[in-house]
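Just one chain follows, in the form predicted alone, and it is written as structure tokens.
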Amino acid sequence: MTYTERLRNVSVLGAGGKMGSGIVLLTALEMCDLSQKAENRAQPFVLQAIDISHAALAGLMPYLQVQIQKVAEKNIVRLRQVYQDREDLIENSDIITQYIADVLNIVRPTTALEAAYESTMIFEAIVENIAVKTKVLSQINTNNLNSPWFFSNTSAIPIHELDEKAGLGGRILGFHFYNPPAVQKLVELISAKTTQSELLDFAGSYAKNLRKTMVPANDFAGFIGNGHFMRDFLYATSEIERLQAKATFAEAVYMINRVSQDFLLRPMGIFQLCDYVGLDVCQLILRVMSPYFSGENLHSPLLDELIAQGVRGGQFPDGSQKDGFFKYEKNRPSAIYDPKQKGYLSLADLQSRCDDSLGPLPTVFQPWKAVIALAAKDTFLQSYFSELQPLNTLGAQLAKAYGLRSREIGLQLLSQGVAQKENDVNAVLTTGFYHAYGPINNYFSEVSK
């Protein structure tokens, strides 16, 4: 079966969710572009957008329409060529409207899993629960006579487990888009030992056509991205406990969050990142990973406590941030949750005091957004961390210890066989998490001496 034939009938499971809707968008665009080639114009292209939630599906089509319009506006020159034989499409607005209609015509929203029984390719982006995933994948596999390929968006569950428990015979791989799929350039590719080579070849072509950066990860729970993120987060929570000898819980959260953002030149602090992903999602990922790494304590009592009190984070359908470790006003932190008081404490009441405790940043400091735009970024980073190293302020001490732990986690992923090489670890963190530099570096290698 050719690349085009494989994409003529596709299903996306969990299509109404944030990840699923992004996969629907990207795949529908690719399918539409294929359908507009002269040799394919007589062939039907169908994407079954499957979700158990009617409400989620109701929001899918408006989301797609807005996003497709943005794509069309950016590619109007190419689309004029595509529709050059349509004399009725004169204005750019006419072409854009037609393109939107053509892409949307491919998508079939439905709550019926049976719609996937004729697909030759299945994208799975449902709840991160191995029992649920295997049940759904097995049901499709049993009732689909086309021997479909399965691309799982799991961010933590080993692919060989899904393959074996769902009885897929090697017709599955992990194709982990980063959030949101329409924007993020990174895809982690995870293959089991049984994964058929044809799937890997297709995945390479598909990622290239979507202009994604594909980084391979070996088939270990959490893979590279969550393998680093979850351990990074657990280290941050241990630092909260240590700081509470001299600071309140809220002060400790603020200081570690600021250190991980400003002092380490990241796009957001570690607890803001947890809020963005969702505290409940982080808890679920840790539960998935924990049995596979028995020598580590991959568990956060703090997450359990916060979630039990109804603090979950995540995002609203419009992309705005829900409250988690932080309370957000216009997507900016305004207060910090205190589990003892079971409420939020204003940042204004503690920020200045905490900043004084941390001490100043290196004099050459520039915020993350400016750093990643620098033409001589590497030179700046060398200068910045050279100035940070001799500082003995609380902020510098916390940053150096945090950076060293991040490096250790990266090297751990290599020693465990999760990552194949250092560059893969660094690529996931710089591309998928937008860090200004990878965790495996020499900036912190001398800290412990």
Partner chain sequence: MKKMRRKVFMTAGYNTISMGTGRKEFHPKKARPGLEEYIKEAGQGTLKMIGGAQAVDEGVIGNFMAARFNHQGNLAALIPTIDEGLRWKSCTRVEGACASGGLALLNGIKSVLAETAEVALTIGVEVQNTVKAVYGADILAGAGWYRGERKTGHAFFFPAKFSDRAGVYFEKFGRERTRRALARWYRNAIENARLCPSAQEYHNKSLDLEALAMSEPNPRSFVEHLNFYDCSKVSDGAAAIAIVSESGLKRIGCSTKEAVEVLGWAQVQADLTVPITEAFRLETTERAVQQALKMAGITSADLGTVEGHDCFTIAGIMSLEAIGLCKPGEGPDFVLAGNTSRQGSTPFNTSGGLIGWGHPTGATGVHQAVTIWEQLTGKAGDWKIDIASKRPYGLSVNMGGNDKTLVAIVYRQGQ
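Computed from a predicted model, the values in this text were never measured in an experiment. Residue numbers count along the first chain shown, from 1.
Keep in mind that the form predicted together with its partner chain is missing from the display, and what follows is about it.
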{"item": "Contact assignment for its partner chain in the model of the complex, among Asn40, Ser383, Thr393, Gln69, heavy atom within 4.5 Å", "value": "Gln69"}
{"item": "Residue (of Asn105, Asn92, Asn143, Ser147) lying close to its partner chain in the model of the complex, criterion heavy atoms within 4.5 Å", "value": "Asn92"}
{"item": "Proximity of Glu73 to its partner chain in the model of the complex, heavy atoms at 4.5 Å", "value": "yes"}
{"item": "Partner contact for Arg86 in the model of the complex: its partner chain, 4.5 angstroms, heavy atom", "value": "yes"}
{"item": "Val77: touches its partner chain in the model of the complex, heavy atom cutoff 4.5 angstroms", "value": "yes"}
{"item": "Its partner chain contact at Ile96 in the model of the complex, heavy atom, 4.5 Å", "value": "yes"}
{"item": "Among 372-380, 345-353, 246-254, 78-86, the region lying within 4.5 Å of its partner chain in the model of the complex by heavy atom distance", "value": "78-86"}
